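Below you'll find only one chain, the form predicted alone, shown as C-alpha cells.
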C-alpha cells in the first residue's frame, strides 16, 4: 500500500493512500461495489443482481435477451440501471438465470405432486420435458436469440452444464438410479431428445404447439430403443457440432440435416 506523509504543526500522521482518495481495498468479506458512498456486502449485491435478472424477464418478450431488458428490470426493482455494467456476460447472464429458474420451477412442480405415478417411464419423460419447455412459450418469439447466445463459444460450457443438470433431474424424477455406463448413455440420449425438441419448437406454428409435442413423443419413443438411440446420438452430435458456436440458424441447419439424412419421419430423426 502507498502511503502519504502529511506534516502539520506539531502533528505527523501517516494516512493510507487508498483512504485519502476514497478508494477501497479488496477484502473477501467486505465489499464488491459502491452505490454512491455506501459499500454493499457481496451477498447483498448478488441478491440484488438476482432480483434485477428476475424482473428483467418480463421485458424479454418485447426487448429480447438484451441489456435494454436488464435496465428495464433494474428500474422495476428500484435499482440504478448502471448495475447492468457489473454483469460480466450481460445477455448470457439473463438467459442462464432463466434456465436456472425454470429448473427450480420444474423441481417444485414435481415436489408439489406432478402426477407421474400412473404413467409409464416414456410418458413420464415426455411430460417432464413438455412441462419444462412450456415455460419457454411466453418467450418463444425471442428464443432463437437465446439459443444463439447459448451457442456462443464462451457460453457453451455453461449451456451444456445447465442442460446436463436438467436431464439428470428428469431421470431422477422418473425414478432412474442407474450408476453404470447406462447412466451416461441415458443422459446423452435424453439430452439429444430435449435439445432437438427445443430447437424444433420455435419453428412450430401449429395450435398450442401440437406438432412440437408430437415430435417430442416420437423422439422419446425412439429413445427407449437404446441400440438405435446410441447411434442416433452420435449422428446428432456430428450434425449439430458444426452449428454450435455459430448461430441459431447453424443449429437449425444441423437439426434439419439430421432429420433429412436419417429418413425425416418421426421415428428416425433424433
Partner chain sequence: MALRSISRRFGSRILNYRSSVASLHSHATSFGFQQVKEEEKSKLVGNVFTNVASSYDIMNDVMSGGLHRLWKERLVGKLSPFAGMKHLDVAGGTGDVAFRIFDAVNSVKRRALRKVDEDSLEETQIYVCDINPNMLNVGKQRAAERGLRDNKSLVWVEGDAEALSFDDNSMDGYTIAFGIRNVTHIEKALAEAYRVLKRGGRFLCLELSHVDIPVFKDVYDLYSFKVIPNLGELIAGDRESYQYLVESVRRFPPQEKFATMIADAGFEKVEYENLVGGVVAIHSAIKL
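Note that this is a predicted model, so its numbers are computed, not measured. Numbering follows the first chain given and starts at 1.
Not pictured, yet referred to below: the form predicted together with the partner chain.
Among 138, 85, 153, 175, the residue placing a heavy atom within 4.5 Å of the partner chain in the predicted bound form is 85. Proximity to the partner chain in the predicted bound form, defined as a heavy atom within 4.5 Å, holds among 72, 92, 199, 116 only for 72. Contact between residue 210 and the partner chain in the predicted bound form is not found at the 4.5 Å heavy atom cutoff. Within this chain, residue 79 lines the site of the partner chain in the predicted bound form, having a heavy atom no more than 4.5 Å away. Taking the partner from the other structure, the partner chain in the predicted bound form has no heavy atom within 4.5 Å of any heavy atom of residue 55.
None of the heavy atoms of residue 221 is located within 4.5 Å of the partner chain in the predicted bound form.
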